[in-house]
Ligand code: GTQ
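Quick setup: one chain, the form predicted alone, written in structure tokens, and binding and motion questions come after.
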């Protein structure tokens, strides 16, 4: 039966109240916030200066040991999301330090992790029974549910960036974690086995992809990556929005190296200023070499070697290197692409 016009608003309020007691709500009151015409970024641009963060890490080293903390790391929180341990909507970032003689004890978890080495040389990480030495600029993977521990047998502190899919796994409520019985896992593969077996353009003759979608090569040395960028500087056409940009891949299937985190390295030659760009994946950048600045939604961020900054999703960015600059970056682009959600906008195509 039709409700008289003069009673319509009262009737609606009463209807909403009654269905609310049955845990229902009208779609028409929230539709425009659920299905938006374009992304509505929540996170904001931010930059962390490495020199300042290193001082805080050294101070933390005087206050707590690696074994006490399990992981002595300072989380890089997006300013718009205090207390949520997120640098983007779906990703986590932290700076971790391990002092000489320390071991960060062995554990495993369903979250996938990357390490990007910033400072120090020669500490190690062990993954799935194999040890690898970490050097500045190396990209190291810890696959989901793989035992891993870190140790420092050098005489200098070692600092790296941790990137994990913690927020994404948290949303799915699919987190599991386990502590190893021993501080350090047993090693049953010789050092260098993984890159020899999988990372030389060759595979064991009977190898199959297996159940893990993560690259079996868990250390991508910077020396090799940097050499590839330098060679492409001579031969490749520079992308207007990215300069020279490569993605890390799984050598078994050519897909991204990690199933939930896309990782990249790019070279921005001195004097090369990028065209405006935005995409649906919020991206964390680490400056490996060089200096310059980025304009993110009209705000300037000056960066130098080992600084970390974030370009939120659907924020317009341009990069302006004052010298040759190399940037490592990671995002959830791989997940968005698998779901058919990823989009980009390029200023050079307007």
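Bear in mind that the values here come from a model prediction, so they are computed numbers and not experimental data. Residue numbers count along the first chain shown, from 1.
Same protein, other form: the form predicted together with the named molecule, not shown, and the subject of what follows.
**Q** So in the model of the complex, does residue 150 come within 4.5 Å of the named molecule, heavy atom to heavy atom?
**A** Yes - in the model of the complex, heavy atoms of residue 150 and the named molecule come within 4.5 Å of each other.
**Q** Using 4.5 Å between non-hydrogen atoms, is residue 96 touching the named molecule in the model of the complex?
**A** Flag for residue 96 set to yes.
**Q** In the model of the complex, does residue 268 have a heavy atom within 4.5 Å of the named molecule?
**A** No, residue 268 stays farther than 4.5 Å from the named molecule in the model of the complex.
**Q** Just to confirm, residue 92 within 4.5 Å of the named molecule in the model of the complex by heavy atoms?
**A** Residue 92 belongs to the contact set for the named molecule.
**Q** Going by heavy atom distances of 4.5 angstroms or less, which of 73, 127, 241, 244 would be at the interface with the named molecule in the model of the complex?
**A** None of the other options qualify; the answer is 73.
**Q** Give me the residue from 169, 217, 117, 164 that has a heavy atom within 4.5 Å of the named molecule in the model of the complex.
**A** Contact check passes for 164.
**Q** Among the candidate stretches 108-116, 224-232, 129-137, 255-263, which one is within 4.5 Å of the named molecule in the model of the complex when only heavy atoms are counted?
**A** Checking each option against the 4.5 Å cut-off leaves 108-116.
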